[in-house]
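In the block that follows, a single chain appears as structure tokens, in the form predicted on its own.
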Amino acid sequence: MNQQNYLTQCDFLMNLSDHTINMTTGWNGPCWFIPGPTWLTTAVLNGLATPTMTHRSPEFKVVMAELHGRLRHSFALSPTSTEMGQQSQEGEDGYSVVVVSGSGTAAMEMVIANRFGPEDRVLVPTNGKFGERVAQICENFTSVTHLKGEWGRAFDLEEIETILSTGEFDALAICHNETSTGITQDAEALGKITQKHGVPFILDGITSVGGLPVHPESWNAEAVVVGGQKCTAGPSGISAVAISESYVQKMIENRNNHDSSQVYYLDLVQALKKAADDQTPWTPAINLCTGWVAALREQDEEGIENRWHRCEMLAKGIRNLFTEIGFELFADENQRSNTVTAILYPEPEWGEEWRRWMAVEKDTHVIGGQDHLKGRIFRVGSMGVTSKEEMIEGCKRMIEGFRHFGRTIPEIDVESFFR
């Protein structure tokens, strides 16, 4: 993106809620389909601009109480108060929410480092870049077995169950929604397997919580992680974890027996103590917290289930449209993600050139593949506050771009795929 386009986009962002949709012509601004960070609305930008306050003040406790309570909606946990002093971080379901001043990777490290030690055996099946990151985190704190699968292909559940049935493993950890390949793991089925064999279940839900149905309690998940800048449409650099009573009990037991890894800044025991007082152990990312609260208010105004349905509607529209015009989707058919769609380039030799051209000439932004998929696929995000109008306009622009590069695509009613 050149400087002029960047400045134009900044102006557009500052007026997002006022000038995006023209009732006659539809979407008239940039199209942003990056699977995180997502659009920040005017309300979120205003939240980020809240005057600085001290993190030990009553004013900030008000912010943290609301943030905890609304995050529980994102995690589909039992509702609590959003009022200061009401233990909004902990609900009747036994799960507690903790905010982390760091990206989702920091939160995932917190979950692993506080719960497991070097002798704990953790199984990590993977089928993409971010699952492999989970395995790498586990390598630093546990005895990990990395079950490395083909990118974009579904896990072999029978193989996972066979491995866990040996009784040799202390946990199963997965990346629930793999944005590098556009696949969502069958967490419900995996939860049943882990429950059957008494194995703790850990989910990297960084790109699923808030955009896909995630049910920690019914899936028997001990811990789930979310990143602010993904499906909840909040700012980058902040995240949260939801942990169960069993997680907390085992964490404290390991701490008392000196069986856990060494932590300081990411100490969940201290974080839980402070969360109960609507605080954090250390100086938090204050303005990221106020910005995230604004994003979660919009999430709750829409309704979490309505947001799930909108993401699903957009993703189905993308999949059906591109399949209809002759493109091939990358991930296994029955487990394609509703927050990002991975599509194979029709001509790999100019695919990345098309993507760059789209950004500069059409102000429409998608992301390419990673590692060995670079130049083979492009990925279209449908998370956060992405609207139907933006997606329709963006798809029209992408089709126009492919025609510009010589791809023959017949005239097609794009709107019909998003009804």
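Small disclaimer: the values here were computed from a predicted structure and weren't measured. In this text, residue numbers run from 1 along the sequence as written.
The form predicted together with a small molecule exists for this protein as well; it is not shown, and the discussion that follows is about that form.
Student: Do residue 133 and the small molecule come within 4.5 Å of each other in the model of the complex, heavy atoms counted?
Tutor: Yes, residue 133 sits close enough to the small molecule in the model of the complex that at least one of its heavy atoms falls within 4.5 Å.
Student: I'd like to know if residue 220 sits close to the small molecule in the model of the complex, meaning any non-hydrogen atom pair within 4.5 angstroms.
Tutor: Residue-level check for residue 220: no, no contact with the small molecule.
Student: Spell out, yes or no, whether the shortest heavy atom distance between residue 244 and the small molecule in the model of the complex is within 4.5 Å.
Tutor: No, residue 244 is distant from the partner.
Student: Residue 177 versus the small molecule, in the model of the complex: is there a non-hydrogen atom within 4.5 Å?
Tutor: The answer is yes: residue 177 has a heavy atom within 4.5 Å of the small molecule.
Student: Could you work out which of 233, 206, 71, 111 is the residue within 4.5 angstroms of the small molecule in the model of the complex, going by heavy atoms?
Tutor: None of the others qualify; the residue that does is 206.
Student: Heavy atom within 4.5 Å of the small molecule in the model of the complex: which of 229, 181, 194, 290 fits that? Just give me the one.
Tutor: Partner contact (heavy atom, 4.5 Å) among the options: 229.
Student: Picking from 279-287, 206-214, 112-120, 250-258, which part of the chain touches the small molecule in the model of the complex when contact means heavy atoms within 4.5 Å?
Tutor: After filtering at 4.5 Å, what remains is 206-214.
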